[in-house]
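Just so you know, structure 1 and structure 2 below are the same protein chain in two forms, each on its own as structure tokens.
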Structure 1
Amino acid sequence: MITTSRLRPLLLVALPAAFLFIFFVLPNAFLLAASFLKSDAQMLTDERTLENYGFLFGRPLYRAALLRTFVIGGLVGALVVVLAYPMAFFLARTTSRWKGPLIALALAPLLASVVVRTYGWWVLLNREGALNDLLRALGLTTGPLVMLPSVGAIVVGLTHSLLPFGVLTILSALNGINPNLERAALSLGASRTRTFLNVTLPLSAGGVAGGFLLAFALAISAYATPTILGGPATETMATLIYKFMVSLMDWSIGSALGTILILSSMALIAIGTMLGARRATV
């Protein structure tokens, strides 16, 4: 039912569009503006400056944190697609009558907040944790291995939290492949491995790219996991934002960090669109 009335869409969107403009567009614009303003005595001033960015990119400590955040993002993105692919492939191809419940189970962790999911990793990995107990019981180590805080633990925790997103993205790409293409390759004498490598994998590449970039974007802005599994030596952009906004009350630096995060997310979305990941649409 496509109506030709010009007034109706306007009436329908007026309120939600106004809400989004006031509480989403304006605050983000304000954040961008604040990142170019000087802070003095914990207050934003009117003085324009590039110092906030100079400060972040100039000091080795903060440069290292920015770099660390992107390394974590890249590693998590890669691990998520590597682990999500076999799972999505299995779920797309299985003829089991448990297919529905299995898909639900793979996505069930989304019902638990990241705090719940990360707590378990802390219990496993800490000095007196389950993994150290196990290693000692097996006689593999004498003293406890120090696995926390570390970048490795953050990567494992985030991979675990973001895996369902990878499964969803790749599963939808695999479901979109015309099964006749695989049948054709097989009937023309290609082996199953060759069919997978030459037909299925390239056709699902958009989903892989999409899953990688989604996990990357969510990983670089994660706060809870780096807080629980990391420490002062593993600061990331999100933990730095908290430090500057709440502990140091320096909103200029906090806004500059936020702007870098937003621009990174937008860049990732743009790369995804170029690589053929489907554009987000309603």
Structure 2
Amino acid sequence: MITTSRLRPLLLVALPAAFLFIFFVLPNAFLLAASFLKSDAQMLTDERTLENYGFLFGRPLYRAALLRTFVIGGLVGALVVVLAYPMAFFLARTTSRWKGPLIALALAPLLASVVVRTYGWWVLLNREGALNDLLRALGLTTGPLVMLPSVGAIVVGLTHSLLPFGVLTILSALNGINPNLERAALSLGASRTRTFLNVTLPLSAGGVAGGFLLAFALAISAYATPTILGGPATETMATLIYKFMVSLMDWSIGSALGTILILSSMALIAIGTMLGARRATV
């Protein structure tokens, strides 16, 4: 017989579990099932097939889009970590009375929608934008630089959008490090650089990995930024999914793309979690 004390935790978990099952597990199960069905006249049929995946992996255009998506995700993840770590380290170690406002300033990009932030970069980077005007005014260029559409612009826009997530993740890891460990290393004669490389950085590696994985997963699934700052020559998986699902109404190919995207993200996160758990047990 289940007692009230044992039933209470189950009831607390039941609501979020039901929410995840209805709005995450079921839709993804339908997406996976649709990826193995043929489409005919913009309608799904009952005929099972693997041709949808063969279609995507068999054409250079779609293989390039898949590769481009992961390259963008890797570049954005690396840039987020490189830019967020110094900022998070300063915020974790500073004793200034302005620490709170500085943390709020670091997270300020989250106050604006991703579309607004991305259009801000479009205003800066387009042929008649502020950056080209500045370069011409300084005499550094004679004509406008073509910065849009490009993969570089997408990487810049996504890095700006996802930087606060990297700061939060790494800041949490740095706040969990006992400052006495760094003081002990310094008192034993280690330089600040060696203390950072041998003590602080290894202990905060979990936050670095978490920041990279979070930025990578969000970058490869981003739609607004690649759409605004990219173009037909810089298609990503998210823009292709929209095109197949909404414009072409080919739900089979769109579902296959969505399945590849979700499984790739989940596999990467699982690998990162296992590596983190193995490191924690060493």
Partner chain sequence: MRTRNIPWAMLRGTVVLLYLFILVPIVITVSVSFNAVNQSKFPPLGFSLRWWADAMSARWLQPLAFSIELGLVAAVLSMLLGMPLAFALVRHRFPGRDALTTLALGPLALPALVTGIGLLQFIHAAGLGFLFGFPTLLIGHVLICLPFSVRTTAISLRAMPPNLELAALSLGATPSTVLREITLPLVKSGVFAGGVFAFIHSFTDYSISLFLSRPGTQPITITILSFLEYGFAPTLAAVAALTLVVPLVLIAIVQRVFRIGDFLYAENARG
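Please note that residue numbering is based on structure 1, beginning with 1 at the start of its sequence. Owing to the predicted nature of the structure, the values given are computational and were not obtained by experimental measurement. Only the largest set of C-alpha atoms that superpose within 1.5 Å between the two forms is called the rigid core.
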Study note, to complete from the structure: Note to self: form predicted alone is structure 2
Point to revise | residue 263 C-alpha moves between structure 1 and structure 2 by 2 Å or more, core aligned | key: no
Exercise for review: Keeping the rigid core fixed, work out how far the Cα of residue 18 travels between structure 1 and structure 2, to one decimal in Å.
Suggested key: 3.4
